[in-house]
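Let's start with one chain on its own, the form predicted alone, as structure tokens.
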């Protein structure tokens, strides 16, 4: 009987999971695993842990829901600890298989893991599945992706490219193989303090049971469209506080508890019933931006992680001021709108898109700190950290990505006047 391992990565769902569906159709026995890589807890070069408590809690919730969904289908989620390139070959040997199924992630570290697994003699079937649009449907080869988002969007719209329909749940999940008596190191579970809900949070959903999982994601998407909030999306998306100013899909999209194609399908069904609007178009527009950052990784890969990014190699390596960076992290810069944003981020693991741009700009252009330090801090703090979007957005603000303007500086005083004219947000988050 053919046995395989399914390695869950950033695709922590069963609905519309092409790689998992392929595995279910291809083998007689399937072992679903998630591997907690110690590298995610290591210290960064900037002096803090790579993954903070908020992200850990959200991941734990997501995995708890995934475990429940698998159990309902007669399967199980095995959580292991260690470097995937070491754990998976050992597990494959114990299970008497050389077959691994997983999703494709086109970021350097994740690509290096696949290279190492294949070098170890494993057959790895990886499937690209994190974007709304299928790269094969684009009107150009992804290696010829336009260097400007606007040109990319125009080409996609002109060609009438549509998102594929989401896949249903697999008809059946193959039974588990006979588990060996000695598995690689089992994951002991999170050892962090219980999450404390902050009543000021714009993302209060973390208080629900299994808030990070697919069940909560689908319930939230359904509620969002039932309340017809998408019609006001364009007008409210730059809000700074409140639960309804934006879709709040991003934490579930980032972990893969929600697929972009499922979100797009819900959007199109809404438009068919209630009509399209500026708001519904703009939500699609933002999903397309998310795709663009993914396709940029397919084209440029490790170049996006250089100090100069995609900029000319003569561009100076960014400087850094450790004291200023620490003040920024703690929300002690003295710039009220920036400090308020950093307090919210530290307290909740979430921050509005507008504030992300404001605080990132301030770190780079006002405090003259290294953009890579800011990107690392966001990676540690954000519950919706997404390697593609995080890297793309920080390069965009720093002027080291594809933006033709050479960087974006946001005047914090003007931003505060435009988006917090009465100071409500600054007062709300004056303290962490």
Ligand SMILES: Cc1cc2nc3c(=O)[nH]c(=O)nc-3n(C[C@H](O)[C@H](O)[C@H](O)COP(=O)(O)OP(=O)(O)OC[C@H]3O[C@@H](n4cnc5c(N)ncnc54)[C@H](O)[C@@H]3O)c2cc1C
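Numbering follows the first chain given and starts at 1. Since we're looking at a predicted model, the values are computed, not measured.
Although it is not shown, the form predicted together with this ligand is what the next lines describe.
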### Partner-contacting position among 366, 370, 384, 37 - heavy atom within 4.5 Å of this ligand in the predicted bound form
384
### Query
in the predicted bound form, which of the listed residues (247, 333, 201, 277) lies with a heavy atom within 4.5 Å of this ligand?
247
### Query
Looking in the predicted bound form, any heavy atom of residue 102 within 4.5 Å of this ligand?
no
### Task
Report yes if any heavy atom of residue 357 sits within 4.5 Å of a heavy atom of this ligand in the predicted bound form; otherwise report no.
yes
### Contact flag, residue 397 vs this ligand in the predicted bound form, heavy atom cut 4.5 Å
yes
### Task
Give a yes/no on whether residue 378 approaches this ligand to within 4.5 Å in the predicted bound form, heavy atoms considered.
yes
### Task
Considering this ligand in the predicted bound form, find the one stretch among 287 to 295, 166 to 174, 68 to 76, 127 to 135 with heavy atoms no farther than 4.5 Å from it.
287 to 295
### Message
Given a 4.5 Å distance limit between heavy atoms, list every residue of 341 to 359 close to this ligand in the predicted bound form, or none if there are none.
### Response
350, 351, 352, 353, 356, 357
